[in-house]
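The chain that follows stands alone, in the form predicted alone, written as structure tokens.
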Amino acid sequence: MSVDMLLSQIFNGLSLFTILALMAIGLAIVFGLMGVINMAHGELMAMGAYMTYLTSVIFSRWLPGVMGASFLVGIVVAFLTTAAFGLLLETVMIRHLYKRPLDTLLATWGVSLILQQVFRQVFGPINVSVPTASWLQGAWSPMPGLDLPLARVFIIALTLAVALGVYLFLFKSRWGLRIRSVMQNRAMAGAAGINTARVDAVTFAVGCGLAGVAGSALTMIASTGPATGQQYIVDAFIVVVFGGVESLIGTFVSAFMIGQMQSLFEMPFSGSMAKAAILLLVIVALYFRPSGLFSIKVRR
């Protein structure tokens, strides 16, 4: 195996890492910080991808002169749309199911099935694609024989920017302080005057909005269909559990490790065998560290 091929596979692993990380960061906020098993998280990613597609269609028809900005606008539209849907979902359904994980799982699974049918009715059963912006076309050649698509390089930068934004939001803002307080001790946070219901709604909305950003990033790598979310939801849960349910750093590192292993294992094995090998390694790791690689110790 040549060095160029190895570097190419590592870069492919980085591309998979970006999707897993964006998907899992939002899921870690909803599942890790709130304890809500949201089976519709994958469909929220697909919703973000469809919103990016709609934005590109609108720009191509009515604003062709600024078509290059459609993807950036699509990211913002995807985040706002999925965050608003998440806020509505939390207000109408999720807040009535806290501390009932099985009921939450079944309810959100039903929401995911409904959303899949809505996508089929509105956009059709055939996958749709978002045209690559002119400034993201082409490749970057850091060395002879190695060409890295600019679209994927941009997505890697987007993932790092989102991770930094989430860190600043959770650890450097007053809302982040409220969220961490409610996560560690809900009763004491409420006694201190924090509106725990509002914090839950904002937390769930932000987690859903990040799924929408993951959907936008996905449009630069693959097409989008009604069942797109189901292809990533299991992997995202594995990433969150493997990294540590309440650790965002663990989620980020876990996404990187699984993305790289998936890419490298596909060289000697098939795609299905690579996934099976990764799942086996995750099971062995969780046997020795049931709380994940980066579990957080808090006083309950």
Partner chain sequence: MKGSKLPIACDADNRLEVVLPDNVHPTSISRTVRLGTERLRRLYPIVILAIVLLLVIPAALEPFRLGLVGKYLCFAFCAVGLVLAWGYGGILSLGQGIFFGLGSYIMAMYMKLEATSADPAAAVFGAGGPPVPDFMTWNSVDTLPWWWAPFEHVWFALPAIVLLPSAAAFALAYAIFRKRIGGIYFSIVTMALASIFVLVIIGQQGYTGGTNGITNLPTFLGYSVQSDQAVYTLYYVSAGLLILTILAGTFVLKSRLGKVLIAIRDQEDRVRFSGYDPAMFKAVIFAIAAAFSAVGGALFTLQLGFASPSISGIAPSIEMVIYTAVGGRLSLIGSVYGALLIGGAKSLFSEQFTNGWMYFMGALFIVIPMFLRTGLAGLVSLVSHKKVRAS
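Numbering follows the first chain given and starts at 1. All of these numbers come straight from a predicted model, not from anything done at the bench.
Omitted from view is the form predicted in complex with its partner chain, to which the following refers.
> Decide if the three candidate residues 31, 100 and 105 all line its partner chain in the predicted bound form, where lining means a heavy atom within 4.5 Å.
Yes, the whole candidate spot contacts its partner chain.
> Taking its partner chain as it sits in the predicted bound form, is residue 60 in contact with it (heavy atom to heavy atom, 4.5 Å or less)?
No, residue 60 sits far enough from its partner chain in the predicted bound form that none of its heavy atoms falls within 4.5 Å.
> Decide whether residue 110 counts as a contact residue for its partner chain in the predicted bound form under a heavy atom distance cut-off of 4.5 Å.
Although its partner chain is absent here, residue 110 would touch it in the predicted bound form, with heavy atoms inside 4.5 Å.
> Is there a non-hydrogen atom of residue 234 within 4.5 angstroms of a non-hydrogen atom of its partner chain in the predicted bound form?
Looking in the predicted bound form, residue contacts with its partner chain include residue 234, since a heavy atom lies within 4.5 Å.
> May I ask you to check whether residue 245 falls inside a 4.5 Å heavy atom distance of its partner chain in the predicted bound form?
Although its partner chain is absent here, residue 245 would touch it in the predicted bound form, with heavy atoms inside 4.5 Å.
> Given that the partner is absent here, state which listed stretch (32 to 40, 249 to 257, 66 to 74, 45 to 53) has heavy atoms within 4.5 Å of its partner chain in the predicted bound form.
So the stretch in question is 32 to 40.
> Could you work out which of 114, 168, 188, 126 is the residue within 4.5 angstroms of its partner chain in the predicted bound form, going by heavy atoms?
Result of the distance check: 114.
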